[in-house]
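Here you get one chain, nothing else, as structure tokens; it is the form predicted alone.
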């Protein structure tokens, strides 16, 4: 009896010349678009730097640690230290609030704590937060959050004037919450089910599985989401401008007004002239550099974590 040789499965057949040509075309198109985005980013950075060059020559690196911002003609002096301080402080505080809430919400929505129908509705509502315009968050902060904070601090006899670092940070935490929640949830949902089954099979509890198996396995995606949220917080303009107080001062109290680089640009660019325009562009270039550092740091952390847990 002659046994025939089985034909190879469809997945292992040789590819036609047309398919190979389409693959090369797709790769070339993707590479072209990637290079275009890179060139666009470089062009934006160079444009900002060229416009800022008069201020760079005038103030040098002392622009970073000088607190004066005086656009009055004849006594002009510019320094961006209070704005850098406000940008970093509001971003850090918003992360401090949003990361536990976002990660907890992601765990709640990715595990079987509630029925699937309710989970689907909650996922939609959380993602809907990302679609709310920034100015609406600012108005909510002015008419709801600030009066609520005044009432809360008044119970303890603490004076709270209104727009402040704290108010801006709380609104920022709500704005970046959907980013952290969505990316963390996707990272947890993408884990193979064998991880959960193996952990339960070894006798681990649900919470032991979550904290010792699932979160470490998804940590690179979670950290990536956190760093993306940090970049969003550093560049947020309208809501922060409405709530931060726009005071070019450095205060140790979170209840006092402050300022950020994005708010400075939004408030002064329309009426600026002369060297003040260059100073504002210099501040914008510093914000670009800070955002670039955040993205480079995020990529480095994600790679380290992937290498550690892979």
Partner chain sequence: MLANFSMDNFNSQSLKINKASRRSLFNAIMTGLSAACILTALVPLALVLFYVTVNGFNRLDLDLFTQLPPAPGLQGGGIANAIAGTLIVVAIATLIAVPIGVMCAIWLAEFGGDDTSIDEWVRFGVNILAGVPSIISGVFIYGLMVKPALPGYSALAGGVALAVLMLPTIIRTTDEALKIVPQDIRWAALGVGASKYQMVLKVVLPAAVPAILTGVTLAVARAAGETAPLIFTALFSPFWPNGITNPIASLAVLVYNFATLPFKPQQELAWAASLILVLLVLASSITARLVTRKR
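Just so it is clear, the model here is predicted, and its values are computed rather than measured. Heads up, when I say rigid core I mean the largest set of C-alphas that superpose within 1.5 Å between the two forms. Numbering follows the first chain given and starts at 1.
Heads up, the form predicted in complex with the partner chain isn't pictured, but that's what we're talking about next.
*Asks:* Exactly one residue in 56, 255, 48, 250 has a non-hydrogen atom within 4.5 Å of the partner chain in the model of the complex; which is it?
*Replies:* Of the candidates 56, 255, 48, 250, 48 is the one lying within 4.5 Å of the partner chain in the model of the complex.
*Asks:* Does the partner chain get within 4.5 angstroms of any non-hydrogen atom of residue 267 in the model of the complex?
*Replies:* Residue 267 belongs to the contact set for the partner chain.
*Asks:* Give a yes or no for residue 304: in the model of the complex, does one of its heavy atoms lie within 4.5 Å of a heavy atom belonging to the partner chain?
*Replies:* Taking the distances in the model of the complex, the answer for residue 304 is no, it never comes within 4.5 Å of the partner chain.
*Asks:* Answer for residue 277 alone: is it within 4.5 Å of the partner chain in the model of the complex, judged on heavy atom distances?
*Replies:* Contact check for residue 277: yes, within 4.5 Å of the partner chain in the model of the complex.
*Asks:* Is residue 95 part of the interface with the partner chain in the model of the complex - any heavy atom within 4.5 Å?
*Replies:* So residue 95 does not count as contacting the partner chain.
*Asks:* Name the stretch, out of 124-132, 150-158, 219-227, 87-95, where some heavy atom lies within 4.5 Å of the partner chain in the model of the complex.
*Replies:* Flagged stretch: 124-132.
*Asks:* With the partner chain taken in the model of the complex, which residues across 270-299 come within 4.5 angstroms through any non-hydrogen atom?
*Replies:* Going through 270-299 in order - heavy atoms within 4.5 Å of the partner chain in the model of the complex - the hits are 270, 272, 277, 281, 284, 287, 288, 291, 292, 295, 296, 299.
*Asks:* Is residue 36 one of the residues whose Cα moves 2 Å or more between this form and the one not shown, with the core superposed?
*Replies:* Superposed on the core, residue 36 moves its C-alpha 2 Å or more between this form and the one not shown.
*Asks:* Taking the rigid core as the reference frame, tell me whether residue 26 has a CA displacement of 2 angstroms or more between this form and the one not shown.
*Replies:* Comparing the forms between this form and the one not shown, which are aligned on their rigid core, residue 26 does shift its C-alpha by 2 Å or more.
*Asks:* Once everything's superposed on the core, is residue 286 shifted 2 Å or more at the Cα between this form and the one not shown?
*Replies:* After core superposition, the displacement of the residue 286 C-alpha between this form and the one not shown stays below 2 Å, so no.
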